[in-house]
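Shown here is one chain on its own, the form predicted on its own, set out as structure tokens.
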Amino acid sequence: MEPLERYRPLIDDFEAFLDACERPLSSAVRVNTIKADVDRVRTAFDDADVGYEPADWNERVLTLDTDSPGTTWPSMHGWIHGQEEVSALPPVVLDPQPGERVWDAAAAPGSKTTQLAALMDDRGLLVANDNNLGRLSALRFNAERLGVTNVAVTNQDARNFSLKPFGSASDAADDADDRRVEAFDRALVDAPCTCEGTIRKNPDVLDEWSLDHVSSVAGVQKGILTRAIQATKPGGTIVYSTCTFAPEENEAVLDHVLETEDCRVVEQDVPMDHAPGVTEWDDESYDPSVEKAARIYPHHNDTGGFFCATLEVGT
């Protein structure tokens, strides 16, 4: 817990924050509406005598009284997917629509990818990218198990993701192919991070924590978010999220792209208790608009910790 002490000046009730971080998380699942609706899943749990509690902000997210949701019939049918409650927030904030073209920049193992597909009614194009080939295997497995058909999987370093129209070949004849994607309507950057906010399900996450690691990861995050802005159409929407508390990985990343790319941080609808983004940290000042970001601490909603911000690409 020692690394978390650095956040004492930022957090409203720091003792409640620490107490929450020490409590294990309950098991949670997301209803996969590609295969089943919420009522069908609830009926199946009732029949199996599995207790559940819907999240206050999202009826599709259920907290269960079993630690083995993967052994239940709804899981075996692909009606549910194990996913922590707070991690279901970024796709909801991004709000992708059926038929749109969406980029998931760091997609594996696919929890948010499959959630995006469900929100899109499995229509349109969802490009799920990750640089880790092993983790992409898990993504493919999850997409198949959950019945997702609108996803295309790519294996690239998101910082250097090709800006060539997606789906085109190099020959001139392909220039007339109207199926090509010149730019994405929306993008999700659920960036790799130091994962401090996962401490309730991974108590060892802080064992290897260091400022050098924070700095290193922040560089990667800036690169991925920069590419997402470049790959999204003018006026398009990007959600940037992490599961960490470090301002270096959150507001500082937003501040960087605000200085280097044509974009702005916009108001967002976050249906969970949260604190605003911070504008000052460790002798650094950030653009005032980063206050529109949401910091979700474990004691706010009895969940893990998360950071979520919405950007609009300049027109």
Partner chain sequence: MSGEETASDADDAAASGGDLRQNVGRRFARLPDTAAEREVEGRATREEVLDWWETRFGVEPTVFDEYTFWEKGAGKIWALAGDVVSPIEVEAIGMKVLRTRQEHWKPTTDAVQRFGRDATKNVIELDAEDARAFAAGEDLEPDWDGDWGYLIGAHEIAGGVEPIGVGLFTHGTLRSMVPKGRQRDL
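Please read these numbers as outputs of a predicted model, since none were measured by experiment. Numbering follows the first chain given and starts at 1.
Not pictured, yet referred to below: the form predicted in complex with its partner chain.
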{"item": "The unique member of Pro271, Pro276, Pro54, Gly70 whose heavy atoms fall within 4.5 Å of its partner chain in the model of the complex", "value": "Gly70"}
{"item": "Asp157, Asp95, Glu182, Glu144 - the one with a heavy atom within 4.5 Å of its partner chain in the model of the complex", "value": "Glu144"}
{"item": "Which of 187-195, 240-248, 214-222, 105-113 lines the interface with its partner chain in the model of the complex (heavy atom within 4.5 Å)", "value": "105-113"}
{"item": "Any non-hydrogen atom of Ala152 within 4.5 angstroms of its partner chain in the model of the complex", "value": "yes"}
{"item": "Non-hydrogen atom contact Arg123 with its partner chain in the model of the complex at 4.5 angstroms", "value": "yes"}
{"item": "Lys35 within 4.5 Å of its partner chain in the model of the complex, heavy atoms", "value": "yes"}
{"item": "4.5 Å heavy atom contact, Asp283 and its partner chain in the model of the complex", "value": "no"}
